[in-house]
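Take a look at this single chain, the form predicted on its own, given in structure tokens.
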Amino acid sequence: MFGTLSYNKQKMIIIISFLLIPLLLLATFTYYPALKLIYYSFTNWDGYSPEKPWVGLDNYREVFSNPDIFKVFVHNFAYFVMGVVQNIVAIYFAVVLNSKLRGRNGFRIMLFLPYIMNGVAVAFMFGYVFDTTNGSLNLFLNNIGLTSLAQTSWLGTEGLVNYSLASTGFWRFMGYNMVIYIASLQAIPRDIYEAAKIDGAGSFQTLWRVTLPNMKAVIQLNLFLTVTGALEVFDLPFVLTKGGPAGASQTYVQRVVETAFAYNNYGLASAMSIILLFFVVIVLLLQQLVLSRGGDK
């Protein structure tokens, strides 16, 4: 059969054959569920009934008119702050470990190891760290003389709980960002650094004028992942605090899951998910607008 076809047609058939299964899987597990999610957001489905009453935009009106739903976004702010700090620290370690430092490969592995750990296991581990009476953090603070801080309830104080949880994410994901930044640093031509050295640029000037501008695309990507990750946090507060104390650590995704599985309101939960998707798109557009300003025209 192939012998009667031209070379271009044979190439097209082979390409389509290789792409068919991945596209089928993508349509089955991504596009079809997404379309169903959009459909459910216009219904009042309880999750198990065969009837799905059509309510139009009522679910979206409920989301935007209910302040209790949107106020949980305030809790996500701590994850955004810690995420930005995490990227700054990751860039610092990437620059240090990309130099001719003895044992740098060992340090890279040590900093990257937390990322490969299971998120639930990390949450349980830090549950012991933040324990008020027997936690290792308060024990350490007590041993170094900070007895006033050693009695702090890190997961039971409304002003601290989100930053305590976000610091756990900082510990887990910093090494991952560091590895990405190291790869970006290794892609920068060495000739640029030699030219900067000849021109008399110091270490800080080289970092600010050479290194960071050449890492701009990767920094943009990591910041986007950081912001979207901050908006979509679920596992840490779910395992460690269940949204407490008094809902002070409940995130938006937790509210979506609670709406769907605790209150059996899948229509409203679907609408909340669609709104979160729009927020992520808006954040991406704003980030592109801000970070691209002053670039190549």
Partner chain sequence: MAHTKFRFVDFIKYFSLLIGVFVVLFPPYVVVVNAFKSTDEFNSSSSMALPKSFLNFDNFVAVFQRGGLLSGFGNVLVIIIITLTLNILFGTMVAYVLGRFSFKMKPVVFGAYLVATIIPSITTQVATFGIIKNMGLYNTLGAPIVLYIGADVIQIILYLQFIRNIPVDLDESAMVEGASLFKIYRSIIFPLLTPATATLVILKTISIYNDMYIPYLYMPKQSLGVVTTILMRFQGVNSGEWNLICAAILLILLPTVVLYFFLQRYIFEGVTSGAVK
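What you are looking at is a predicted structure, and each value in this text was computed from that prediction instead of being measured. Numbering follows the first chain given and starts at 1.
Keep in mind that the form predicted in complex with its partner chain is missing from the display, and what follows is about it.
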In the model of the complex, segment of 146-154, 85-93, 70-78, 205-213 with a heavy atom within 4.5 Å of its partner chain: 85-93
Three-residue site Glu62, Tyr163 and Ala248 fully in contact with its partner chain in the model of the complex at 4.5 Å by heavy atom: no
Glu158, heavy atom within 4.5 angstroms of its partner chain in the model of the complex: no
Close approach of Val283 to its partner chain in the model of the complex, 4.5 Å, heavy atom: no
Its partner chain contact in the model of the complex: Arg190, any heavy atom under 4.5 Å: no
Contact label in the model of the complex: Gln220 to its partner chain, heavy atom within 4.5 Å: no
Those residues of 19-39 which, in the model of the complex, come within 4.5 Å of its partner chain by heavy atom: Leu19, Ile21, Pro22, Leu23, Leu25, Leu26, Thr28, Phe29, Thr30, Tyr31, Tyr32, Pro33, Ala34, Lys36, Leu37
